[in-house]
Ligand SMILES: Nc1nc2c(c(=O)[nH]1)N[C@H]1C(S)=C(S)[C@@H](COP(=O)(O)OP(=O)(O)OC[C@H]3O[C@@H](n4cnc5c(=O)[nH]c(N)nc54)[C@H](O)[C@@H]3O)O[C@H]1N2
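Shown here is one chain on its own, the form predicted on its own, set out as structure tokens.
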Amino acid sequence: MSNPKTRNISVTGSIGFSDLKVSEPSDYAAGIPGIKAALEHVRKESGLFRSLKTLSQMNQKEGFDCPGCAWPDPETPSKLGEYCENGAKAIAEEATFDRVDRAFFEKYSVEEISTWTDYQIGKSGRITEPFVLYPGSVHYEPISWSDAFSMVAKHLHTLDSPDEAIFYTSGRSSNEAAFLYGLFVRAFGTNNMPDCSNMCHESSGVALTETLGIGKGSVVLEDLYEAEVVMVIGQNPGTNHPRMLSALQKCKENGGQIITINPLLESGLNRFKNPQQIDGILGKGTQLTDIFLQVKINQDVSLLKLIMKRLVEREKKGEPVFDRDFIKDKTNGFQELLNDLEKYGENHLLELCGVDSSQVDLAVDLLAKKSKIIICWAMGLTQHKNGVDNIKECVNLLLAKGSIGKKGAGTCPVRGHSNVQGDRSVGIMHHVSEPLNKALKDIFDFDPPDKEGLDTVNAIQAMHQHKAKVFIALGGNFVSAASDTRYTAKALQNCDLTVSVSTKLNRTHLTAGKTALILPTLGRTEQDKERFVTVENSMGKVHQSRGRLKPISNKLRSEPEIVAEIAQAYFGEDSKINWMVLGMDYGLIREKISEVLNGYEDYSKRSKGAGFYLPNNAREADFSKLPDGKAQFSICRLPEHDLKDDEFLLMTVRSHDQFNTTIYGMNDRYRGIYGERRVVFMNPYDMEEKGIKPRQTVDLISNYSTTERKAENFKVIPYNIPSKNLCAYFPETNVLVPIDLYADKSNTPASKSIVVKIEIKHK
């Protein structure tokens, strides 16, 4: 197909400045300011009474699951409300009164909308009916559901190979929708199923599978209450998973201690004012972090090796530091690990990690005496070139301490989207699984493809090279979430057809293919007739979710219905699968899931109430599927960052007014930033050395593979961050992350360690 007119689309939106105000960072999270911010947001978006009534049902056993993060619910949810400030914002966004309807698209072209900020685009409102953007047009216009499905089927039929289509999945889709989607894609004939795990926690999955035999964490929520030590590494719970702070508070109340390892001391890990307690309203709250190790960006392996070297020295002096029985009975490779540690000098490791030696000793003193240890992490560990090794080094420490497979101990990768783990559990993956393929063939009577599909990075490259021509996304904001924004946008624009199953407008709808469809779907909060869906939380528990609000439009379809209609339009009578029945009957989908996958027996019944845990071998210290039936120690390399005098290492982060690529507002209250997102945090001494004044405007430049990438117009903010390190918000700085800079083995984009230069703008 040809495009008679090239659309003039801005990939990054406005790069001008609004009214930046800066204050001292907050020294605590939540409290009265959190309550005020949540109430003000829901009042503006969807009305206070309506929102409070909806919030009372969120994360309750008979209610709906938060569309935000995947933090688990306690066995007995709070009657005051089981949600956080950002959860309230997520609900307000979904229940907003604003609408993207026919009048909206008649008034605004995609060219004009693309010049808006991501915040402005997101605030446009809920999409009310299907829309199409025809080749050469700059205005979306309405299309009937039947015509939309026929259009998708037609484009799929014109492909020379099923591998010319890409089927993306975000983490908000239910288990039912994801399973049906994966079933259709495999019946269609490809494993091209990239998902948001590829961009976030794929490094965790690879590392944990290779060392412990399962690509998930091993703890449950109650383990955090019982832990003697919780290590929080490369994670900012106060913004990204605020309900985790309540669990850390319980850990502290039970005598546990918290070690925080991060380039920034985030407010939520300093002090927590629980808004459901008197002390959280009127008092000082709970001091969470006992030991703060301010590591340089991506020097976690250096620090962990240093900690283990000092633990080894303690054991040589006669202290019972390591669990030798566990090591002997349950693990392989410990002696090789000890031999490797001898290669590194302590002074070199100290210099690399940048942590004060006395602070390291405090952590070593604590870890030497304790065995009930949990390590929690997020993208601060996974999104580096050595992301897999970062996780493996954490596993090394836990295995050496015997802190796997016992209460109050284990691995805790904290997932960032409400059902990203569930989507993977029910079959959304680009890898080939022989057991899954066999079960699908036995139950649905077709031959699933046995060729590995494309992950996110490879899918983008395939579209950019015109090797993939159709892109279908079940949720998400692909262009803003992925690395190398301009490259990714061009990849999508090269497609003959892009399809987005969405609730709200986002930038991906603007960087569209030659023909583009937006198919509006129900939100997590909305009634889906009398049906319910299921999700899996960050700790492997599956439970139901049932929306309560009246849908914002009678022209919305549920995700399973949309998937089924696409499948029916494509296959017609040429399929043995009754797609339409499956799309309408979620109970039947769950029956099929239980037939295909282990651990889902009596699925519909067990998902009600508190739900059920999926099998987890690491939780039981069962490593029988691994070599010699044992968990594996790993030899991990030190990261390589040979920075020149004029180079810095940049990590991308969220603001507090943000969830993934959804921008709730322009403030980052915890870091003291108000009214602006185009800021870069910099060490004050580095600023002085480079002659940069506070709030001076700069461009950030990365150079990889002879390609210069530039993020323009950022205000420099002095901040407590290690020297030679920088920090800025995504998606604004995703333009700097090269498409070919990603983690070894997992292909996760290295968005947390980008080598950049600073170019000072002339006044």
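Source: prediction; values computed, not measured. Heads up: residue numbers just count along the shown sequence, starting at 1.
Just so you know, the form predicted together with this ligand exists too; it's not on screen, but the next bit is about it.
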Gln235, Val295 and Gly416 - do all three of these have some heavy atom no more than 4.5 Å from this ligand in the predicted complex? yes
Considering this ligand in the predicted complex, which of Leu497, Leu556, Ala92, Cys200 comes within 4.5 Å of it through any heavy atom? Cys200
Identify, from the list Ser425, Gln249, Asn458, Thr239, the residue with a heavy atom within 4.5 Å of this ligand in the predicted complex. Thr239
Any of the heavy atoms of Gln658 lying within 4.5 Å of this ligand in the predicted complex? yes
Can you tell me if Leu522 lies within 4.5 angstroms of this ligand in the predicted complex, counting non-hydrogen atoms only? yes
Although the partner isn't part of this model, could you tell me whether His384 comes within 4.5 Å of this ligand in the predicted complex, counting any heavy atom of the residue? yes
Check Met379 for me: does it contact this ligand in the predicted complex (non-hydrogen atoms, 4.5 angstroms)? yes
Options 22 to 30, 704 to 712, 728 to 736, 691 to 699; stretch whose heavy atom lies within 4.5 Å of this ligand in the predicted complex: 728 to 736
Heavy atom within 4.5 Å of this ligand in the predicted complex - qualifying residues of 176 to 197: Cys196
